[in-house]
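Just the one chain here, laid out as structure tokens, in the form predicted on its own.
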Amino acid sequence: MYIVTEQMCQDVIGRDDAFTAIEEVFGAMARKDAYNFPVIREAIGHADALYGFKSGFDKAGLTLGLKSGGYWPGNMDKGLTNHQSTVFLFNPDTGQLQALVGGNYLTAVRTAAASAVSIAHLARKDSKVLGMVGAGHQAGFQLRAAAEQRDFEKVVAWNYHPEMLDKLGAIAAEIGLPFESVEREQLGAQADVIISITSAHDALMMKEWIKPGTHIACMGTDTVGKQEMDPQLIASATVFTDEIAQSISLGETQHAVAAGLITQDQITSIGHVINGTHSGRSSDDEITVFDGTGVGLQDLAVAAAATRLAVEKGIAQDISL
């Protein structure tokens, strides 16, 4: 059995590796070669924390396992990331534990890879302005990954706490993109691609603010009650997701579905676009939405890649007896 630490994951997994792993597992899910098990996510009644399990099995990649962890909102004050998790990988032939893999960096990089995959397959090719809604820990990962998918010329951003935007602006400067802090209405009017990555429980972006042809990656809504988008906006768009069952139960579409504005039949797994069985965007004026709820198979895919690369580089800790 191997132990792959947080530092090892950072040493071996880059954005290209994460993008490939996520794209492949989304494709496998759409082909029914991989499936997620029901999510367990509960408030533990201590430290305002949410804790749970995401698990699944990828028959194509022979990856079986789970991610255990959650969200501790007070961690930032302690110098820690709010999201804390560990991935357990098992041998699908025997059930034996194969690896324990640090999940914090991988959670951030796989979430960013998911939105990047959606941009690659759904955003207009001539997209020039990237809009960022949210400026927390994961926003930087999102910005770096998104910037590689289109020839963006500018980043516009909004956050509840504007002082947090400085870190995001520094990343934009590092990759050579002008950066501007704007109000949400201005962001919607300017952005060709919007990434929302917040923990909001109310709509942050309204339908009337979004211009035709925009692609929106909703990456923050992963729990019942969370919300980032106006349900009317969701209803007016062509909607894609990582997994439909999770999207309608705890993802961004939960509110539009509950209000009767859309049905699950109007939501498409992005894996079908990746596999070429759905055309994706149909016009330059179409608004597309990707509801990135975050599925266990994403974590397993990047953890399996990290383990393989760490073993190949000789840095994984082998504790087999």
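What you see is a predicted model, and the numbers here were worked out from it, not measured in a lab. In this text, residue numbers run from 1 along the sequence as written.
There is another form of the same protein, the form predicted in complex with a small molecule; it is not shown, and what comes next is about it.
Any of the heavy atoms of E243 lying within 4.5 Å of the small molecule in the model of the complex? Result no; E243 lies far from the small molecule in the model of the complex.
Does A170 reach the small molecule in the model of the complex if we count a contact as any heavy atom within 4.5 Å? A170: no contact with the small molecule in the model of the complex.
Even though the small molecule is not shown here, does R150 get within 4.5 Å of it in the model of the complex, heavy atoms only? R150 lies outside the contact set for the small molecule.
Hey, in the model of the complex, does L177 get a heavy atom within 4.5 angstroms of the small molecule? Because no heavy atom of L177 falls inside 4.5 Å of the small molecule in the model of the complex, the answer is no.
The single option of H137, K154, R124, R144 touching the small molecule in the model of the complex, heavy atom within 4.5 Å: After the contact test, the surviving option is H137.
Which residue, A235, L204, A120, L100, is the contact with the small molecule in the model of the complex, using a 4.5 Å heavy atom cutoff? Of A235, L204, A120, L100, the residue with a heavy atom within 4.5 Å of the small molecule in the model of the complex is L204.
Residues K128, T214 and T288 are flagged as a possible site; in the model of the complex, is every one of them within 4.5 Å of the small molecule by some non-hydrogen atom? Per the other structure, none of K128, T214 and T288 touch the small molecule.
Given a 4.5 Å cut-off on heavy atoms, tell me which of 56-64, 31-39, 270-278, 291-299 is the interface stretch with the small molecule in the model of the complex. Result for this chain: 291-299.
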